[in-house]
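As a starting point, one isolated chain is supplied in structure tokens, in the form predicted on its own.
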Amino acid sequence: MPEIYLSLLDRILTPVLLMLAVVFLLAGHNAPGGGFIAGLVVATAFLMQILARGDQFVRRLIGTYLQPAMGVGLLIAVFSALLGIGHYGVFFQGIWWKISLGDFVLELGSPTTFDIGVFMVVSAFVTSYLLELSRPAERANK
């Protein structure tokens, strides 16, 4: 049975962790962070959910999406790494596009999409691992 303080921490920390993960993901190529760190932060948010609400809640919420997310993330990362071969003939060469939105210019590049792929793989894999770790504890409590 989840404790009340865990439920309170879950309600406070989960949105903060998810917003922090977005900042790490978007700023990560040029600053500390990146897809790997952002994925670990999201997995920590799901760990809070597992501790506060139980693993069955998290399994119902995202359980069926974890393996497809790993596959799609891996495809995005590999495709981003291969883009440099098509343009410059060099593996992992960054390609940048600029999207003008009025006065704001958004730069999107293959390093960013690579980080998104790594983020998807790491967050899905670690969350899946945490869900599997919660199974023996569930059996021991019965």
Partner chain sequence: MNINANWLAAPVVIPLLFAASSLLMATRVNLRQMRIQRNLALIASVLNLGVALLLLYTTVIQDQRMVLHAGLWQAPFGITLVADGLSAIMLTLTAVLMVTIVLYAIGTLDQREGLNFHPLLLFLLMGVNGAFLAGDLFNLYVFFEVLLMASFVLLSLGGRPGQVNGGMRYVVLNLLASTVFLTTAGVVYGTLGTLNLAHLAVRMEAAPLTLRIIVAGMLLIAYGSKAGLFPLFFWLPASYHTPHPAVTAIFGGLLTKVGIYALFRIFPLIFPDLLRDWQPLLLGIAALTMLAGVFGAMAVNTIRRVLSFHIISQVGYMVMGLGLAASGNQLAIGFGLAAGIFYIMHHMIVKTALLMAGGAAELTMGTGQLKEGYLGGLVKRFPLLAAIFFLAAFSLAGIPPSSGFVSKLGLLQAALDSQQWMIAAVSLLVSLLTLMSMVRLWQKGFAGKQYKAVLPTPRRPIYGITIAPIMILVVISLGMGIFSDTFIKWSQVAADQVIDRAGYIQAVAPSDLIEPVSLDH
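Positions refer to the first chain, counted from 1. The structure displayed is predicted, hence computed values, not measured ones.
This protein has a second form, the form predicted in complex with its partner chain, left out of what is shown; the following refers to that one.
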query	finding
Contact label in the predicted bound form: W96 to its partner chain, heavy atom within 4.5 Å	no
M70: touches its partner chain in the predicted bound form, heavy atom cutoff 4.5 angstroms	yes
is_contact(G89, its partner chain) in the predicted bound form, heavy atom dist at most 4.5 Å	yes
Contact label in the predicted bound form: F79 to its partner chain, heavy atom within 4.5 Å	yes
Contact residue in the predicted bound form, chosen from I85, L40, L61, L108 - any heavy atom within 4.5 Å of its partner chain	I85
Region of this chain that lies against its partner chain in the predicted bound form, out of 32 to 40, 96 to 104, 51 to 59, 71 to 79 [heavy atom, 4.5 Å]	71 to 79
